[in-house]
Each structure stands twice: as C-alpha cells, then as structure tokens.
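In the structure tokens that follow, a single protein chain appears in two forms: structure 1, then structure 2.
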Structure 1
Amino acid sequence: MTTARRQATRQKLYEAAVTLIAEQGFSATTVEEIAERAGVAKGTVYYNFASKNELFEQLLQHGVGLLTVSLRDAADEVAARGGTRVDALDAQIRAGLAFIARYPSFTQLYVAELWRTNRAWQDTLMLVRQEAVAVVEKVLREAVDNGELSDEIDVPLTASALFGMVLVAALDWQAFQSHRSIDDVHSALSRLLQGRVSGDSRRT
C-alpha cells in the first residue's frame, strides 16, 4: 500500500472511529463497526493499527496535531503581515474556533478524555495537549518580551487558560448556541482577550 493510499485509509478510519465513539462511547465501539463505517475490511484496521486502543491513541495525536498546526499557522500569518503578538493571540482564538466547528465530535472526545486518568493513552494525551498549549505560550511570552503585555502575567497558566477558554466556549457554542456565527463567538472572546488580558478596553 502506497504512503498516500495508507494515509487516506487512516483518515477514513479516524473519521469513522471518532464518529462512532462520540455516538456510543469507546468501550461500546467495536473494530468491526469502525471498519464497516469506514467502508473497509476488518483486517485493514489491524493492518494500520495493532489494536483499537492504538487506533484511538493515534486518533488523539492526529487531531490535536491538526489543531496545533492551525494555531501555529494563525500566529505566523499575523507575523508575516506585521501584526502584534496580541493580534496573533486573537488569530489563534479564531483558528481554534474554526477547528472545533470543523471537528466537533473530535473536540468532544478530546475534552472528555482529558478528565479520565485510567486510559492507556493518558501520557500521550498530556504530551500532545502540552504541544498545543506551547504554541499559545510562545506567542504570549513574545507579547510580554515586546512589552505588549504585563510581565506580571503567569505565561504558562495564562496559555492554558486561553486554550481551555476556546475549547469550552466553542463546545458551548456548538451545543447550546449554534445559531450564532463564528464571527459572533470570536468577537465575544476577542473582546475578553483585548480588554482583560492586554488591559486596553478600547480595542475591539
């Protein structure tokens, strides 16, 4: 199987697994169901992943990896056009919302798994989470170094808070306020960032 074909097959399996597990839970989801939903033979699942656990662990790595790239790209695009680091944080908020709107089932699973401590993939989950938060932390640290933000800010904790804020706000938006547009939700979070974090309530 070529690399491109194998990647396409894995993507099908990721999508099938995340949908099924979101619908009925990890324990209740079988490899047979994942294969059927993906439109492949059961053996194809085991050709790509040694077990259902490995499939789910790599699904988490894959999904959080996509989110991390989205956050990094958003900050880089702002830097390329000469924007501030606070502008870059705002762009990361938008990118996070867009990711969650695109992959709501994955995000629900990810947030649920963060609170479980008895999973085989817990260490992997913590590692990929830290990689995503580190992207936000880097921009925050640069904002402090540039004098855009106060040096009294606890950068690691603030990065985690911003990351968590986007996750929880986006899930609430998807579940309870789906009539709102992404522009609407981003505007609300942007005002919180600009007014409460940077201390300048005049910015919008």
Structure 2
Amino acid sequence: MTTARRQATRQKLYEAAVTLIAEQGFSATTVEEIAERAGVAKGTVYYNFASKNELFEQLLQHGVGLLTVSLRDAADEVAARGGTRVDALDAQIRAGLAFIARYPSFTQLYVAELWRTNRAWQDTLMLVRQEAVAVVEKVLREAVDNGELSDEIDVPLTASALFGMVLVAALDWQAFQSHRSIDDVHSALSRLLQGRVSGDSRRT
C-alpha cells in the first residue's frame, strides 16, 4: 500500500532529483547525491523505486502531468468566460511561461532529454510529450474550425513551433535576462503569435 508517508518521501526524492539532474545531467548525478539532498538514506531510494532509471521515468511523468493539467485549465478557464480560441492560446502561452518560471529545473531537464534517441525512457518521453502537445493542438484545431485562424496552417507543426517558442524564450529569459517580468515575455510572444511583429510602427 502507498501510504502518505511514502508519498512524502517520493516527493522529496523528486525534488532532489530534478534539480540535480537539471544541473548535471542524468548520468552525472549519483543516487547517493539524490538521497543526500532529499535527506534520506540510499536504501530508501531503492525501497521506493526499482532503479535510478525508474525514479527518473516517474519523475518525468509526474512533471509533464502537472504541465498538461495547467495548460488544459488555462484553456478551459477562457472558454468558461466566453473568450475566443485565440484568447485561449494566449492563456496557454502564459500558463506555459508560469509553469517554466515555477519549475525551471524540470523544464531544463525535459528539454535536455526530449530529442535524445536510444534512451531507456524514450517511450515514456514520447508519451508524455504527446499528451502535452495534444492540448495545444486541440485549441488550434478548434480555432481553425471556427475561422479564427487560417485553415492553411499546419496544426501539428504550428503547435510544435508555439511550444518551442515559449520553451526557448522562457529558458533564455530565466538564464540570460532574469530581470524581465513575466508580462514582458508574455507580451513579446503574444505579439509574435498575433502577427503584430510584421508591419510598420503605426500599430499598437
């Protein structure tokens, strides 16, 4: 049985592992380090997870789960108060930024692993990625269907591009320009999404 106590231990291990692996990478991070940072014994890691690999896979699932829920909630909230689908996309951009601001280490680690081939957790990764991208694709598709967006856009590619735009802008923001506010970053990305980059300076 999974008791509350055990859950708490796992949570501590996730938190310890995520920062260490984000900083150093999976292979360079030792189980001993993770245990120490979490304040538990090494044996406890193996009591809770079958292996270092399994700990990492479950960490991935845990993290992407949080992101997916956050993206879905953002879109639903806009829909509930009658906003457009483009508003929903905009809300998802903000939700994505907020997620990255809150869990920078997880994002870092996720990006570092996402496109690696020949890794043990390849399948897990593909699965959770699809889950998250699907939420964005859904909103894009709805926007195309009701004419808010051009029916000539390529939904999967555009979803990827949006995802990437937010991801990289946010990571760069954290790493190289952390003094900017989330609103700065959000409005720069909104502008890009809504086509207010192109054209002369008469627009607002």
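Think of the rigid core as the biggest set of C-alphas that the two forms share within 1.5 Å after superposition. These numbers were taken from a predicted model, which means no experiment stands behind them. Each residue is numbered by where it sits in the sequence of structure 1, with counting from 1.
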{"item": "Identity of the form predicted alone, given as 1 or 2", "value": "1"}
{"item": "Core-aligned CA displacement of E23 at least 2 Å between structure 1 and structure 2", "value": "yes"}
{"item": "Rigid core superposed, the C-alpha shift at A8 between structure 1 and structure 2 in Å", "value": "2.5"}
